[in-house]
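Take a look at this single chain, the form predicted alone, given in structure tokens.
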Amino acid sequence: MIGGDLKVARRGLMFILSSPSGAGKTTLADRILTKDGEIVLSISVTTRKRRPGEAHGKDYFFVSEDEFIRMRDNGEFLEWANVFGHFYGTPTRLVQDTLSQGKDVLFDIDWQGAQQLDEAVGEDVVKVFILPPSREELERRLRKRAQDPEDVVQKRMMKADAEISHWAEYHYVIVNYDLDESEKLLRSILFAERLKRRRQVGLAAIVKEMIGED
């Protein structure tokens, strides 16, 4: 089984998952977060209205548009975007504090947010794009949700085409034929990235002691 805690002190990484709506990204993210104690979800700030069952500070930080713009103009976001008429942003301080503690941060964001994070803090970023098995399956999944009206479904399908066109900008791409298999692949990527030498900040001290250097 792939996983487990590393014994060497390390800096956390930003694990980005992107996909068109309906490709399974959110389900996969939930599985990773449930089973891996070394990664936490990045909580975005948004101007979108709270949906039933959502909690402020757990699902999102819900703010007014004026407050969002103030935070944006003060440089408080690592990235931000306007999605379907609502603003979303990633708070810088919360993420940096988590990384410095050796924890990873999972991001459920679109290609625009991924691009902004990559430009801002490239070394900390690992980008994974989740593809649906087919466009037909993607549309079927969106309709099965039965939460959005027809015009919204069509908008999401048009947006999906634009999002999928950015697949080549990601470090890894997974076609989500099967959730269990896709989860295993994601966990393999995450653990391998944690082992990269530049992230294991405690290695130098271990090697120094091993070879008897003062």
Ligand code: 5GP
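The first residue of the shown sequence is 1; numbering continues from there. Values in this document were obtained by computation on a predicted structure and should not be read as measured data.
Missing here is the form predicted in complex with the ligand; even so, the following discussion is about that form.
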| property | result |
| --- | --- |
| Contact test in the model of the complex: Tyr88 vs the ligand, heavy atoms, 4.5 Å | yes |
| Asp108, heavy atom within 4.5 angstroms of the ligand in the model of the complex | yes |
| The ligand contact at Arg31 in the model of the complex, heavy atom, 4.5 Å | no |
| Heavy atom of Arg50 within 4.5 Å of the ligand in the model of the complex | no |
| Triple contact flag Ser44, Glu79 and Val83 to the ligand in the model of the complex, non-hydrogen atom at 4.5 angstroms | yes |
| Residues within 4.5 Å of the ligand in the model of the complex, restricted to 19-34 and counted by heavy atom | Ser19, Lys25 |
